[in-house]
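Read the single chain below, which is given as structure tokens and is the form predicted on its own.
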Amino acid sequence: MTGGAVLQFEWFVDWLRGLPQWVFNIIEVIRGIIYGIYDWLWVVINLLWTLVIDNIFFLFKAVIFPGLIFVVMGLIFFVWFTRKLWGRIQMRRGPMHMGKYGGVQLFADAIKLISKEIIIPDKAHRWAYRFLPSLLLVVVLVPFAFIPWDTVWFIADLSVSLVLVFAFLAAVPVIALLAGWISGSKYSLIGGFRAANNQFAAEIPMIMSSVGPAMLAGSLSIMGIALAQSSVWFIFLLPINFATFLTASIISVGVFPFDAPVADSEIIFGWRTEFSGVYFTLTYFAEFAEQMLYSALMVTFFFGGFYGVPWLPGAVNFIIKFLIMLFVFVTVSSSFHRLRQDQIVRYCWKYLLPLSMLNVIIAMLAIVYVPGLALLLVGG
């Protein structure tokens, strides 16, 4: 064997010896690429899954429960419940012809109202006439997003949600006044002024009544106020504030006995006089939705929110207290004689406002001077 052949043979032997390492290195590179692709896909899948699940859950809460569909179904039930309860209080049967116990009477009335001809007065501002009823309903429905039905079942929890809720509600008297003005009727305009007068007079006592729960909870978040009542409900510490809030909310909605702006014995039908068909239906639903909103706020501020029976889910506790509060709202609003317009305003400024401030001062003194009360509240 020649020297060249020996060198070629040794090179071939060395190549054979390095072949396993070379194959191993290739396998390591391929494995690294595969693991890199796998890790990248896993990160992308986790990110997409998180985004999809979070968005689906948020959309479910926003649309189904406790979102729009739940509120609308609750609104339908509350209209029927109010009419049946008013019937019993007035010693009559209430709705009974359409459906079981009159359960679909509201749908029949809604179809009738929507199918009616929409008559826009010649002197009305047509675009505002069409726009304001929808805006009123939206303004009343949006604050439901801040109601904590449970620690999970809520749509939005902001540090200043209490302020935002009253900011939305402050637009209601403005819309009522504008609705009376754009109708082009002097009767509607007078009714708009009277409705705004009622609501402006009731708003300050209502806001002052909510200062007490916010102060005891140390938070302007509605969720924070509910969480602060895990040890003691604020109704036991702020009973006067509850009474003033309930009364101010009835005045703000403008239902009996504080319905002078839209009462039958007053100026026609107030700021709603010129609204017909679907536009009247929207204002009608907005009134009931506002009653539901105030009932939910009272449950959150004074009755522990979602705290209650330990073995029931928080949302169930809230709904039970919510239904009871709706019953109280309707019963109280149907148990007194109607007040005049001047009596309503004087009642708000002379009685509700001082009483709401008095309970806040008493609560402040109790936190400072009653031993253990502050620790009990912080425990929430």
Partner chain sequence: MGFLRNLGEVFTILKHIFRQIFKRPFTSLYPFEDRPYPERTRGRHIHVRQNCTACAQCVRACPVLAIRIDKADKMYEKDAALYFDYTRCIFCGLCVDACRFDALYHTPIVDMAEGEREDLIYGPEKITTLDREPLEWRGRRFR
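Positions refer to the first chain, counted from 1. Treat the numbers as computed from the prediction; the structure is a model and nothing was measured.
Form predicted together with the partner chain: not shown, discussed below.
A residue is said to contact a partner when one of its heavy atoms sits within 4.5 Å of a partner heavy atom; I89 meets this definition for the partner chain in the predicted complex. In the predicted complex, L85 approaches the partner chain with a heavy atom inside 4.5 Å. In the predicted complex, the partner chain lies farther than 4.5 Å from every heavy atom of R126. At the 4.5 Å threshold, heavy atoms of V332 reach the partner chain in the predicted complex. The contact with the partner chain in the predicted complex, taken as any heavy atom within 4.5 Å, belongs to M96 out of A108, M73, M96, I114. Between the partner chain and the residues F336, F57, W40, W349, the one pair within 4.5 Å by heavy atoms in the predicted complex involves F336.
Residues with any non-hydrogen atom within 4.5 angstroms of the partner chain in the predicted complex fall in just one of 126-134, 98-106, 223-231, 181-189: 98-106.
Along 227-258, not one residue places a heavy atom within 4.5 Å of the partner chain in the predicted complex.
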